[in-house]
Every structure is written in C-alpha cells, then in structure tokens.
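The form predicted on its own is given below as one chain in structure tokens.
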Amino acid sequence: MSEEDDGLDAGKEAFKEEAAELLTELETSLLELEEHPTDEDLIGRVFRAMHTVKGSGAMFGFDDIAEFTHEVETAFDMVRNGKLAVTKELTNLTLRARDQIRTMIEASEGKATVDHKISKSIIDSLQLLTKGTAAGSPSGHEPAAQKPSKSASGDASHSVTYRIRFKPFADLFVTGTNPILLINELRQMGSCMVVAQIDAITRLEEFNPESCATYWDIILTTTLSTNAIKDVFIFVDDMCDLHVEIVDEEGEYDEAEGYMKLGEILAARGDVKIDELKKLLGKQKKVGEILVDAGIVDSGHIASALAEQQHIKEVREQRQKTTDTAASIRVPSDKLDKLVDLVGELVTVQARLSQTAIIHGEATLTSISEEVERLTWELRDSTMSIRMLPIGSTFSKFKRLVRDLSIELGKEIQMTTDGAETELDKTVIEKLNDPLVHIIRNSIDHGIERPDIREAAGKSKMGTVHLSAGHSGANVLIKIEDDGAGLDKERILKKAIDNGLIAPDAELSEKEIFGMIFAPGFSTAQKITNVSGRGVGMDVVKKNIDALRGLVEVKSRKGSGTTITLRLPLTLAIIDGLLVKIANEVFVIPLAVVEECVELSKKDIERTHGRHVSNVRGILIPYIRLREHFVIEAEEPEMEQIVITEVDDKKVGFVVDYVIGEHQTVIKSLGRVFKDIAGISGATILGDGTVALILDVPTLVRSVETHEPVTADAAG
C-alpha cells in the first residue's frame, strides 16, 4: 500500500472519529431545540454539525453520507433564514437522519447494513416539509435576520470580516486532502477574496509534487462565527497552521479614518517586524515597494495585504467576536492505556527503589529514591487526570432514550441532570453505560405512571427522571431519581418468596427487600413488554457495578419515587490499599472500605467462646478469619489484628496476622484461570517483587455468608 493510501485511510479514520462526536453533539442539540424551538444558537449548532459532516464526508470519499446529509442541512438552512419552523415532525426526521448517518458510518466498517428505503423515506419527508413552507416565513417563527444577537454562533443581522491564513503542512496531500475544496467551502459562506502565497515553492529540480508548498490568505465577510469557519478545517486542524481573526466591525473604521495602512496590516500579520518597517518609512517610495526592494517581504504578501485593505473598504458592517481556543491533540485510547500501564510499572519499580534505599541506608541513594518517588507521583497524577472525563457526555446520551421510551409508552417524561462536570476514569465511564440504561428504562417503565394516573394521584402529568453526580472522597456518587410510584415492599417480598429466593418466615430489612430487585430473573412487571418484564436487566446492573468495585443502594417511598445510588471508584488503575500479612502471604484491602484496625488476643477469642465476633467499644462486630478462608496452614501469633470494614452499611472485620501499612496499589488483572475466584479482584507487585492479592471485600463477605449455614451444620 502506498504512502498516499495510508494517509487517506488515516483521514477516513479521523472523519469517523470526528463524525461520531458531531452526531452526539447533533442529538444533544436537537433534544434541547425541541424544548426551545426558536433558540438561534441551537439552530446554528445543528446546522454546523450537519454542514461539517457533509463537507468532510465528501472530502474523504463518503459521498453517500454527504448527499444524504445535504437534505437535512437544506432544511436547517431554511430554519436559520426564518422560512421553516422547528416542529416535532422536523425534530423526529432529523433524529432519524442522525441515526441513519451513524448506520452509514458503521456500514463502511462492515458493522451494519444500510437500508436505502429508510434513507429515501427520510429524504422524501424532509423535501415534502421544506417544499410546503418554502413560499414564505412560517407563522410564529421570526427570521434570524430580524433578531440581532451577540451570540458565538453568528448573527444574521451583522456581517463580520475575517482575516484567515491557512498554511497546510507539507505532508497534507498524503492524507488525500484537497485544500481547494476547503477554500471553496469558505467562498460559499460570503464575500471572499483569496490570495495564494507561493514564496515557499522551490526550484523545479528540487520540487516535490507530493508536498504542499502553497498557503493562502483569505479575507472573508460573512454572518457566520469564528467557530463556523474553523469547523471547515476541523479534519485538518492537526495538519496545518490556521489563524482566524476579526479585522473589521461595524462603525470601527468610518469614512474619515479609513482602514489600517499597508505597513500596519503586514505588521499585524507578522509578515514584517515593526522595527524594520520604521527604518524604511523615511524613503520616498511606497511602503510596499520599499519592503519588496529591501527583500523583507515577498510581493505575494504585499498583494495579500492590499487585497485585505481593498476588501475592508468595500465591507463596513461587522461585529467583533474573538474566540480563544485551547490547543488540543487527539490521541488514540489504546496509546493512553499503554501510558497508564507504563506509569503503573514505574510506580512498582519506584517502590522497589525506595525499599532498597531503606535497606542499604545510604544517604545518596535515599535522596535519589525520594526524588524519583516525587516525580513518579506527579507523573501518576498527571497521567490519571488525562484519563478523567466529565460524566456529562454520558448523561446527554440518555435524553434521547428518555424521549423515545416516553413516546413509546404513552408517558410524559422529562430528564434533568446535575453535576455533569464531575469527572471519572474513562474506563469506568465506558462500563457505566449499560447499567445506567437498564436503570433508566426501569424507572420509565415501572416507576413513572401514565399522565392520567399521575393526575388522579395529585401529581404533575409530566414525570421526571433526574441524573446527578458528585464526588464523595475517593468515590463518585451517581444518583438516578424518579418521582414515580415507588417500590412496593410487600409485592417484592411476595415475589421473592414465590421464586424461592428467601424463606417465607425470613425477616428482612427494607434495604434487603429492595436489594431483591437485583436477583437474576426477578421481575414484578404485570406483563412482558418491549421495555421490561423478562427479569433481565437489574441483575446485569448489579454484576456490572460489582465488576467496577462499586456499590448499589436503593431507597424508595411508595407513591413518591425511587432513588438508586451508584458508588463508584474514581479510577480502576491505581488504588490506595492497606497491606496485611498472614504467615508468608500478603494481601491488599482497599483503603476506601477500611474503618479501623483493632487487636484480637487469645483471651478475646475465649471470651466469645470461639464465635467469630468481637466487642469493639460495646458493639459486636462479626469477623472473617482470612487464614481459615484461604486455608493458610501456619502457626497463629499470640496477638492478631482485625481490619474493620464497612460493607452495605454493615461493619465486618477481617482477621490477619499483621497490618503492614498503607500502600499505593497498581492493579494487575488476574489470568483466566484465577479471574473468577470469589473475593479476589486482582493483584499487585510489591517493592520486593512479591505478588499480593487484592481482596474484593463485598464479594468476599457475600461468599462467606452463603457458606455460613453449611459451616454451622457441620459444627453441630
């Protein structure tokens, strides 16, 4: 495969990644627009997303996507111009179009098949909608040009003149990009003047036809914003130097004052230094001729500056809005994962270095070890922060889910969010999608009532599903609340007894009863629907949250609603742990669940007649002897230690020989042979090179509870 083909493939992959983000933005904007149909900023966001997908799709050979998207773009161009109103029908069609574009992208990867009948149906409906209102502005929707605004999305009542320098890198052609297509797209935005700069073109014998040696100065007058112009270059932003700035606004340069002089323009662009300019201004020639004769600037730069001067004289309407965009770079997630793995290895090596320094007691080695430790921790924190993403991107996906399900079930439901800026490790966010989908679907189907039932109960016809997130120590709490009918304890209890999950005479707390909804196959639905009722879903939630080392808690009041809280770790890569030892074996208990450590003597055991409970300040706390659980045969010390943890609001102790202390634990996954061992979530490598197992405390407690009756019978 040629270098050009490799570049084209890279460009296509870049398009797919960017298109996925644009489609997410499109869906979010459309759902907001449905609630605020005259919001010009939202209309602009929808139009730009469609316009960028169309233009970039055509550039990288996705002609079917470009052609299909053009129809939706046409509709929203009419909306921008006040010729078409945003209706539920238009929103539904655009959402369907968004889904179809995603299917087309997946089809290009062999992951889906495009049904062209759906595409035709959407296009026909859009054309029917646009032709029906093309004659004039619809009632109730004022054209954008009649509403002056200072929003970043552009203002149709004010034109802005931009100075654009588009300087592609030499290897731009290798990606299959044609810069002329980008420039032509700018021409369609308004009055445009383009000057090609050719001073970097080499002599013919040195010329490389695969290298881009030309760059362009463009003066553009348009009603669109800086962001809209930058969107044209969104797929080549890492393959060029792009400068976009506003150079004229309405009233800034009146007839008497005029626009900047030639030398001022060149200095503003950075084509000439102000000191050099001043030295030459005393000569009688025109400043452009002086600069060219002195070899300070190329004649092309002079032509470009003169073109700008002329353009500004012709265009005097403008509004100034400069946007500073932070520099960013797109990195494949697998490279980031590799970086985290390497940092994890570095943390392990640093621990060994520190331990070696302590053993040898040499001052120089200790000093180096401390410096390496400081740098390693800073690198670890920086690397982990790179992997942190705001959970708001996940929250926004569910607005569509709530909208579609409420329509399907004949309910009126709105979704509200809070704490969207809360950050979580990207790995946690990726694995959180399915559990949240199941919880929200159940809230909509089982929780929130139909409008007539809600009105009869004195509630608003509109039900609410509220998603919130916030930090709590080393964890993140995510809450899913609804104001629906709530959980029926008696009904859940009866179902659990009927299914043989509990004994008829069992006494359970409210929390334990609500916990039954996570049992496999458990469902209280009256009938099976497309949404729920088959007993699958909530058990998947529990399993997935356990896999994330998280906890699930349910609170509910009948008639008032239900709140499900997910407690999740910030990251899955590195945790703070407590090192404990039993004989020659070392274990790690996650510090997040540790409450305290107390001593356990032989006399304490005698006082409780061998029962696995300890009296801690007047409170009886059950404990698990890890020596017995893991069948470690060695002599017990006279004084043991109990590490007291809190699991599901209950205190449970773990008896060990010694508590070594806190340890920064880099989690290593176990092999296939050991990955399903109950109570073990992973392993870590200690400073001396030995391996310590990481305890999965909640699973370990449940595992022991499950086997307790058998142990009691055997003891009897």
Partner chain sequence: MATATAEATQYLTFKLEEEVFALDISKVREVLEFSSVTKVPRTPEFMRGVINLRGSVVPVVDLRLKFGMTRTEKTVNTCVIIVEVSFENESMVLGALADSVQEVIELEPEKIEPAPSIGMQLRTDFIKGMGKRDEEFIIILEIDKIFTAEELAFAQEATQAA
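All figures in this text were calculated on a predicted structure; none of them were measured in a lab. Positions refer to the first chain, counted from 1.
The same protein has a further form, the form predicted in complex with its partner chain, not shown here; the description that follows concerns it.
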item: 4.5 Å heavy atom contact, G689 and its partner chain in the model of the complex; value: yes
item: Proximity of H36 to its partner chain in the model of the complex, heavy atoms at 4.5 Å; value: no
item: F630: touches its partner chain in the model of the complex, heavy atom cutoff 4.5 angstroms; value: yes
item: Non-hydrogen atom contact I677 with its partner chain in the model of the complex at 4.5 angstroms; value: yes
item: Partner-contacting position among V659, L31, A683, L42 - heavy atom within 4.5 Å of its partner chain in the model of the complex; value: A683
item: Listed residue that, although its partner chain is not shown, lies within 4.5 Å of it in the model of the complex (heavy atoms), from E640, D425, E585, E481; value: E585
item: Segment that reaches its partner chain in the model of the complex - one of 622-630, 482-490, 495-503, 398-406, heavy atoms within 4.5 Å; value: 622-630
item: Stretch 659-674 - residues with a heavy atom within 4.5 Å of its partner chain in the model of the complex; value: K668, S669, L670, R672, V673, F674
